[in-house]
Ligand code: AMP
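Just one chain follows, in the form predicted alone, and it is written as structure tokens.
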């Protein structure tokens, strides 16, 4: 199966089927939730029946989005659905077991994503690794097929793309991205209000988390790699939610001279979640992540791996140091 079917193929699927289940990856971020809402609300406006599922539910930080109350945990028993659509999910297993059980009766699987490591796991795949966000792909689908862009879809798509491009800062941002944002504003997007709700409304515990993380911050001897660590006990002590750490890695990525930033998070049960950000495509963190069973993008990738965290740190930092050294030796 090709990584990119044409939009008309997706249009036929949308037109010929009635019941859809839209899902995104566990620990959903803005692009995951925004993409699900962006497409799902458009399908509802076409008269379709839509289920909005996520195994971790809706992050509090995105509850301001219109229609977000529709997002629920997947049901324990699989309902009859025509089409299951995975959005912004690099591998099927990242949907979580609950989604896979709930979607077991789907007659067709569709995979819409922008991760270069996506293995094309559905019956129909639209994977565009050149797109800065799955939300932008959703916008282009709605535009091409002349599907309704409701006020809810409009706001959700904007938040999806804004959060996955670092507020339109990353070099994955394209001229098409800015044209999309302009069109959404012309459709009534209140950009100041939605940016304030997205970026200027954090709980105090997030600041306490930042303070604790800064106390673990380490810089490599050459100043090119910065990392910090979050132990699971901190999550318990501060009553943290998964979304509380979203975007914090960008603070250490912004250190002058740093080429790669790394966030090591100890998970319940001793596993380790690793988030990596690179400033330079010649240090491809997706390749590093793939070596450990993870994936993502050249400049942003992640891993879930076995602990203990000290061992995970040593292994990942060694691989990063080798990649950084190889990059610098090539100049």
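Positions refer to the first chain, counted from 1. Keep in mind the model is a prediction, meaning the values are calculated, not measured.
Quick note: we don't show the form predicted together with ligand AMP, though the next part is all about it.
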Can residue 275 be called a contact residue for ligand AMP in the predicted bound form at 4.5 Å between heavy atoms?
-> yes
Is the gap between residue 59 and ligand AMP in the predicted bound form 4.5 Å or less for some heavy atom pair?
-> no
Hey, in the predicted bound form, is residue 41 touching ligand AMP, heavy atoms inside 4.5 Å?
-> no
Using 4.5 Å between non-hydrogen atoms, is residue 115 touching ligand AMP in the predicted bound form?
-> yes
Is ligand AMP in the predicted bound form near all of 294, 300 and 304, within 4.5 Å of a heavy atom of each?
-> yes
Just one of 90, 95, 127, 85 has a heavy atom within 4.5 angstroms of ligand AMP in the predicted bound form, so which one?
-> 90
Specify the contacting stretch among 49 to 57, 65 to 73, 267 to 275, 33 to 41, defined as having any heavy atom within 4.5 Å of ligand AMP in the predicted bound form.
-> 267 to 275
